[in-house]
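Heads up, the chain below is alone and in the form predicted on its own; it's given as structure tokens.
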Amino acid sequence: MNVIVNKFKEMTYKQIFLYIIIGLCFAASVFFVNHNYSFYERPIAKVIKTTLEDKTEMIDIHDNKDYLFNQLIIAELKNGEEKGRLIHLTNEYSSSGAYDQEYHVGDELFVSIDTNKEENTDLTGTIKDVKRDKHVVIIAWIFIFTLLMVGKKQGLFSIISLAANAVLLSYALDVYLSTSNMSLVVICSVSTILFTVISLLLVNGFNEKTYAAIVATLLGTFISLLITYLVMWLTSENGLRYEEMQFLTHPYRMVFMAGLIVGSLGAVMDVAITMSSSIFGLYEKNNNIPVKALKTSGMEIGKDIMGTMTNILFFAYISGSIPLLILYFKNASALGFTLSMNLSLELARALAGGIGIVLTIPIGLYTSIFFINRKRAKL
């Protein structure tokens, strides 16, 4: 208790004011999502009773077993002309739960109400979706609080940069969809420059360390993109399967290349700022440290983070394919066919990002030394 009191006494009025604002925003957002039924046009019903009607075992030709359940639900309508009335719903769901789910008392559902019913009869309808805004807000606030507790001021700027990048990406995609004569690669390249500059300047401020990280990030990203493009051109893209993009009405190669840029940017940026922070940290501890010592230490740091960063990228891409891999294997597809169909693009993305990470280590090292030498020359 005394620790909390002492911490509170150490706070400035500016910090207290900021925490009060964040607390009010949290309370207001939670209150809003719990009382915002009237803001929705679609009818919302809150489940008050569920009954399991029957259970059926399903076995397909590959001996895969699943269970199908039939659930009767009574729910109370929370908005619209029928607000306050009860509605009877039927829910069919499977134990695998790929496209359906079991509902419980307290769940809130978007429903459609059946029409042309006789008077004085129970309302019936169909479940359309689940109202999840309460859970999304809580998860978002846990993310924000975690960032603020760990990162404090940098955490706040990280949230701002994340929001700015999300808005920027949405705007860039809108520009691409509304202008048929602009390449998505060009749009994403411009966006990448803005993502990098906004994120690093907001989180690390205006200083040589940030400038070195920005230069290293952009060089690492675009050189890896160029190498990937050359490899694809020389190999005529043999082995790449674009089936997952067949529904697109836009050039799928350009969409794939644009995804490579944005996908590898985060990992490359992480390596770049790690390298510049480490090199500048060594210089700030000893302003007379020789360049040779900086190079040796920088390369050792780069080797330490290289393995973990490439693994992060590999697992991030591969994890998205796990559901499809399981689906193919459960349907007795051959191993080679399954991996070729589902992992060719993911592996290409992981390799392109890995090249960017490895290249960024020496680029970040020498860029940081360049800015340090400039700083020394001014002293």
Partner chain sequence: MNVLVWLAAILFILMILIGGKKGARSFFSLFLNFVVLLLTILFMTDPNADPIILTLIACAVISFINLFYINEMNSKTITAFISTIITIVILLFFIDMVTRNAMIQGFGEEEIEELSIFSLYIGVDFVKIGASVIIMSTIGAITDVAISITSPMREIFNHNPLISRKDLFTSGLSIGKDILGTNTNTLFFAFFGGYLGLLIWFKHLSYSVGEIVNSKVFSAEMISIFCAGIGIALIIPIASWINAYFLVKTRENNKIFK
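Residue numbers count along the first chain shown, from 1. Small disclaimer: the values here were computed from a predicted structure and weren't measured.
Below, we turn to the form predicted together with the partner chain, even though it does not appear here.
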Heavy atom within 4.5 Å of the partner chain in the predicted complex - residue from 79, 297, 165, 71: 165
Name the residue from 56, 319, 34, 38 that puts a heavy atom within 4.5 Å of the partner chain in the predicted complex. 319
Taking the partner as it appears in the predicted complex, which of 123-131, 289-297, 211-219, 81-89 has residues with heavy atoms within 4.5 Å of the partner chain? 123-131
Taking 4.5 angstroms as the cut-off for heavy atoms, does residue 199 touch the partner chain in the predicted complex? yes
Can residue 173 be called a contact residue for the partner chain in the predicted complex at 4.5 Å between heavy atoms? yes
Does the partner chain get within 4.5 angstroms of any non-hydrogen atom of residue 142 in the predicted complex? yes
Residue 228 versus the partner chain, in the predicted complex: is there a non-hydrogen atom within 4.5 Å? yes
Establish, in the predicted complex, whether 15, 21 and 187 all lie within 4.5 Å of the partner chain, using non-hydrogen atoms for the distance. no
Listed by sequence position, which residues of 262-291 have a non-hydrogen atom within 4.5 angstroms of the partner chain in the predicted complex? 262, 263, 265, 266, 267, 269, 270, 273
